[in-house]
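The chain below stands alone, shown as structure tokens; this is the form predicted on its own.
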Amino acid sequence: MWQWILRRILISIPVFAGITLLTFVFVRLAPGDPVRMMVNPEYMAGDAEAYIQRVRADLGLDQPVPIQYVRWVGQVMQGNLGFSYQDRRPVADILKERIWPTTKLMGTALLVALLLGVPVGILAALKQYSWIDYVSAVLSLTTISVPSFFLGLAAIYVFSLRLNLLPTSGMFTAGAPPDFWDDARHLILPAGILGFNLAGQFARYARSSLLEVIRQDYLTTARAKGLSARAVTLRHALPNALIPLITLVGVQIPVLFAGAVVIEQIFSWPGMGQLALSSITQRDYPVLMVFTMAIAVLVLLSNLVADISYAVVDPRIRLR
């Protein structure tokens, strides 16, 4: 297995390099001038164009794109992620501040989605064509169809403005001492909405996968041998039914990152999503490149973990 993991990591290196190259080129070719957006308007009087050209030369933006990319790769290889054009701060420091809130939000949302979606899907498969199955189908389709931004705004209106139960935004109460319950109250709405939006997909996949597995001949043989329905489901059907679900979880983690961008804007959550939108609007190239690198690493790691999980769940699968 370790040789297979090493081989996958080596394959991921050129893939990661290709992602960074394409992103670098597309970002540089996008409309907008980061220098004009970062320069103070007071300095624009007089010989403005000459000043802009000097700033562009200081940042290396006057060089051809291939040369800019080679220089950027060289700096990254040395551990230098650059400086933000807007904040004038190291991108690494900004990343340290933003990555934990997003990880906290995504991890909680994924846990909520799994705890809600998988049991509902399993129960719907075991009670096929019952009222439980129909209700779960309606709820699943609703969570899949309704956009997360609409659910977020509706949740703020109901739980924050009307019922006054939960805060509308932020990670904590301003001016209050650090408190676990205060953090949890701020996390409930954004993580709950993000997880609720994914739970429907998990429920549908868990249902369809389990229905396909329980019709297999080996499960019929297990029942004929006298095994209880509980043992057949938990020991034989469920582990095999989890394999497609593992694939879905691996694919949905990057999608969860994209959904966090919207949720963070709605709930003013100071994470990577909010940072990404501000860097796009301000043409902050160094920050935008680091954000893209984080997503690329997340996609590659999630696929690697999903493949390894296949072998853990299903002993028939061997990674060589």
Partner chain sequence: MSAAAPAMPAPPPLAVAAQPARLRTVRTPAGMALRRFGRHRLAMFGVLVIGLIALAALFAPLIAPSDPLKVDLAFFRKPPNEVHPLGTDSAGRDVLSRLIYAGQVSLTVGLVAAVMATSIGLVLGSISGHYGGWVDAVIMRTTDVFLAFPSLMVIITVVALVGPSMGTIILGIGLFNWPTACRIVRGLALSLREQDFILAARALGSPEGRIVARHLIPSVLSPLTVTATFAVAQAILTEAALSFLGLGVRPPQASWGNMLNEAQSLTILESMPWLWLPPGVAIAVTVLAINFIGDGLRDALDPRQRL
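Residue numbers count along the first chain shown, from 1. This is a predicted model, so every value here is computed, not measured.
What comes next is about the form predicted in complex with its partner chain, which does not appear here.
### Query
Just one of Ala229, Ala224, Ala154, Ala176 has a heavy atom within 4.5 Å of its partner chain in the predicted complex. Which one?
Flagged contact: Ala154.
### Listed residue that, although its partner chain is not shown, lies within 4.5 Å of it in the predicted complex (heavy atoms), from Arg215, Arg88, Arg71, Lys96
Answer to the contact question: Arg215.
### Message
Taking its partner chain as it sits in the predicted complex, is Gln53 in contact with it (heavy atom to heavy atom, 4.5 Å or less)?
### Response
No, Gln53 stays farther than 4.5 Å from its partner chain in the predicted complex.
### 4.5 angstroms heavy atom contact with its partner chain in the predicted complex for Val15
Judged by the heavy-atom cut-off of 4.5 Å, Val15 is in contact with its partner chain in the predicted complex.
### Task
Evaluate Ile19 for contact with its partner chain in the predicted complex, applying a 4.5 angstroms cut-off between non-hydrogen atoms, and reply yes or no.
Judged by the heavy-atom cut-off of 4.5 Å, Ile19 is in contact with its partner chain in the predicted complex.
### Query
Just to confirm, Leu165 within 4.5 Å of its partner chain in the predicted complex by heavy atoms?
Leu165 lies outside the contact set for its partner chain.
### Query
In terms of non-hydrogen atoms within 4.5 angstroms, which of the given stretches 104-112, 123-131, 216-224, 74-82 touches its partner chain in the predicted complex?
The contacting stretch here is 123-131.
### Query
Looking at its partner chain in the predicted complex, is some heavy atom of each of Trp2, Leu6 and His236 within 4.5 Å of it?
No, none of the three is in contact.
### Task
Let me know which residues along 266-281 have a heavy atom within 4.5 Å of its partner chain in the predicted complex, or say none if there are none.
Contacting residues: Ile266, Ala276, Leu277, Ile280, Thr281.
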